[in-house]
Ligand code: HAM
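Given next, in structure tokens, is a single chain: the form predicted on its own.
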């Protein structure tokens, strides 16, 4: 018989790794509730036309595309925003604005597998539809800041830019949208020389090069330098002003670490305004990011609707937590095995297991009928914390033996005090 493996770029999540993902997703759901986002579920499979409309060439080339049995061209979702845009223009089109939607699940891209990059990966996704004020952009950044906080990540920082600065410069110099997207794709990959070769205007090249070279820790100084560089590009100056408004609100309402980067670009074509990513010092890959997209809903047949959103990579957040050995990953629960010494106390032992479970303790029961030594050896292999040994004599006296499997110590404990002993 053949031994089957997972498809390349896909993976199984088992035990503690699966629990870590569940914990992260739970924190994302709690963050959504804190900010008033309503959870929605959308299909993994959507029409190819929908998913390819505004994702960008880079992602279009990496979609899992197939023909269904009805002869329709469909694909696995490479991200959530297109699905949420479809939902907004149909089922939710009459909902009051702003519309705040949260979703979590797997998305699919045919990337080269590497650390933090898989072909099936998990995202938590937040979309805020109908608000065009800087306050909406601010809320998405603050939401991500809160999510990083509740996860217990340390030293994380935001990189924030405004795609309108670069797009306005390119548009004013007569560069068509297709070329603009190609320029932004190369800037996203930091292939700046290739990006500049796509631009014919020397003035435009010099302005973009100035933005690329612009580095600074104080965002106010950076924005002053951007204003000087984009002199003569009025819409670029408007975009810079919008970015300043957002950053002023963000830094006035939270102690957040950020830098402003004018040459920062992201790989999706639909962005129109503020964009951001969040990092920790130990990893070069972004843990999450997003931005403003004011024309996407309209492109899918809906009314003109300003929108801003973000997504966080659950896989990458898990790596970040492991890299920092975050306290959030530390096991708080006490894992216990309950072992009856013989058949006569089996029912009593089951009742004790049920009692502990009713108090929120994770309990395994000795199901294999093993001798005491083998049962304790198995508990050690499983990394359990305590063994509760139920013997005839002790039970008649209203007590059990509790063995601390980490310290190799055991004590006799009254049944009435068992829960407190284990939790302590």
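Model, not experiment: these values are computed from the prediction. Numbering follows the first chain given and starts at 1.
Another form, the form predicted in complex with ligand HAM, is not on view; read the next lines as being about it.
Of the options 160, 336, 310, 165, which one has a non-hydrogen atom that comes within 4.5 Å of ligand HAM in the predicted bound form? Of the candidates 160, 336, 310, 165, 310 is the one lying within 4.5 Å of ligand HAM in the predicted bound form.
Given that ligand HAM is left out here, which of 123, 222, 305, 180 has a heavy atom within 4.5 Å of it in the predicted bound form? Selected option: 123.
So, in the predicted bound form, is residue 111 in contact with ligand HAM at a 4.5 angstroms heavy atom limit? Yes, residue 111 lies within 4.5 Å of ligand HAM in the predicted bound form.
Do residue 261 and ligand HAM come within 4.5 Å of each other in the predicted bound form, heavy atoms counted? Contact check for residue 261: no, nothing within 4.5 Å of ligand HAM in the predicted bound form.
Does at least one non-hydrogen atom of residue 316 fall within 4.5 angstroms of ligand HAM in the predicted bound form? Answer yes; at least one heavy atom of residue 316 falls within 4.5 Å of ligand HAM in the predicted bound form.
If we define contact as a non-hydrogen atom of the residue within 4.5 angstroms of the partner, is residue 268 a contact of ligand HAM in the predicted bound form? It does: once ligand HAM is placed as it appears in the predicted bound form, residue 268 has a heavy atom within 4.5 Å of it.
Spot the stretch among 79 to 87, 214 to 222, 95 to 103, 196 to 204 with residues whose non-hydrogen atoms come within 4.5 Å of ligand HAM in the predicted bound form. So the stretch in question is 79 to 87.
Using a 4.5 Å cut-off on heavy atoms, what residues in 277 to 301 are near ligand HAM in the predicted bound form? Residues within 4.5 Å: 286, 287, 288, 289, 290, 291, 293.
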